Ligand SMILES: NC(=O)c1ccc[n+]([C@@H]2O[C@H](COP(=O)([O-])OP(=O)(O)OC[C@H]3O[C@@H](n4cnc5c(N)ncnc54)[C@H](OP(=O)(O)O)[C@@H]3O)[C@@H](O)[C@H]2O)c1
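As a starting point, one isolated chain is supplied in structure tokens, in the form predicted on its own.
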């Protein structure tokens, strides 16, 4: 088993051109024929709520398998059974995958995502995983009913679940139709060895997760797909005819009277079939820096939300999802919360210090004392060193010994500089002092710059004493490709790190039609297309999100073609747009900087 695929959809009721998949008579008619059913896993069918629960599940089946019609399926114990607890479902699910050689970190990831959406397990549960027992999946469909004992004891031994599961938060049902031909229809054209289908229903939140596992013989799978690569005329089918489904990010509306459907599917990965591409994870990619060290390609940006304390959970969520790069800064005011998150992760043994790459920055009002800024950051982060220390902007603002105020202004509201932003050279002094920190302490592994234009790089590089900047962090996305600056950094062996990859607040870059088209073409999210634009071009990228589920699920790396990468580049060449135009960027020589009347030399 392998190749986990998540498919998010909106309410399953909106299907077949808007026609409801729920039977109104089934829900509301007190004389409903189902009342005659003697035994129902859902409870007394004379109750509207019971019939509604059953109707919701039927709607999800119809939505998941649009070629089938489950409307006439009976709500009997011959077709459904109630799973008494989340522990039992997790035990069954994990036993299957562990017995097939899947690792616990995969199970970890699956249940973290499901739990964030469904709240099956409390967030503080430290280990929601159960070790495997011997499971026999060799007897065909019938084994789905006999492989597990629903009365299995969960009260001891290595298979004991945490004691703080939510027992009454979710209802769990297994779909096990007595008509074996239904399974054959659901998995056509494959002939599965076994299949399992489960619903997790959070009634309070009106949310359902539908999980299904199917075991397919490797040789059979390959043979079927070899035949499917050709159409009726013997021509090879397009590679765009994918089997794997991706995910679409949608915000849940608390006022929605229906529910969201979250589907998890597993298919065989041990086959040689070009119709199913291997989806690499962006979290597994590193780039080599000019000093021989490496930087993870995908990082988490930590510009503060309205409530900076939310950053703690964002960092924990990201690290558990596989992120190994956290980008922060003294100016953000979030480092103490990041420090709390890292301590928790270290204490729980999720990661060690050497497993995580942490970047911080010295702000222009601290230009005179970069080591003092660094010390403050290290204190708040609870770290002895950072992996990368950046100069946030190549300007010098008038801050006191503690870097305050961070945004000093004259009475007329204009910024108070200690040096001319266009012709001044104090920013070079700052960088040289950062070099001293490397030479004289162990507080920093690498140094670099941020928001440097070509004119500023040309001022700095000849004045570097010993340590060339290993990165330049800039706003970059398909609407702002900055080809000249990117190429200049490449020539100088400086890795570009892209911030605001979706264009800052509101994610306007993701609304570009081409990005939406490519997301459909490659069966991934628009976020992942925006990230791939950078990573496949050798640049690191720093997304940020307050949506914990999104943080977890935007880690795939679709292999965009060279043609598609070029199309994305052309978007910004034709209609360039910069979204971050802060006043301390005036005079630096960046193009398309709204409000900048100081710059005279540009990239």
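In this text the structure is predicted, and so the values were computed from the model without any measurement. Positions refer to the first chain, counted from 1.
Omitted from view is the form predicted in complex with this ligand, to which the following refers.
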### Query
Just one of 415, 406, 438, 510 has a heavy atom within 4.5 Å of this ligand in the predicted complex. Which one?
510
### Query
Pick from 392, 324, 456, 91: which has a non-hydrogen atom within 4.5 Å of this ligand in the predicted complex?
392
### Any non-hydrogen atom of residue 75 within 4.5 angstroms of this ligand in the predicted complex
no
### Query
Any chance residue 544 has a heavy atom within 4.5 Å of this ligand in the predicted complex?
yes
### Message
Is residue 577 near this ligand? Define near as a heavy atom within 4.5 Å, in the predicted complex.
### Response
no
### Query
Just to confirm, residue 360 within 4.5 Å of this ligand in the predicted complex by heavy atoms?
no
### Query
Pick from 568 to 576, 55 to 63, 41 to 49, 546 to 554: which stretch has a heavy atom within 4.5 Å of this ligand in the predicted complex?
546 to 554
### Query
Using a 4.5 Å cut-off on heavy atoms, which residues of 432 to 454 contact this ligand in the predicted complex?
450, 451
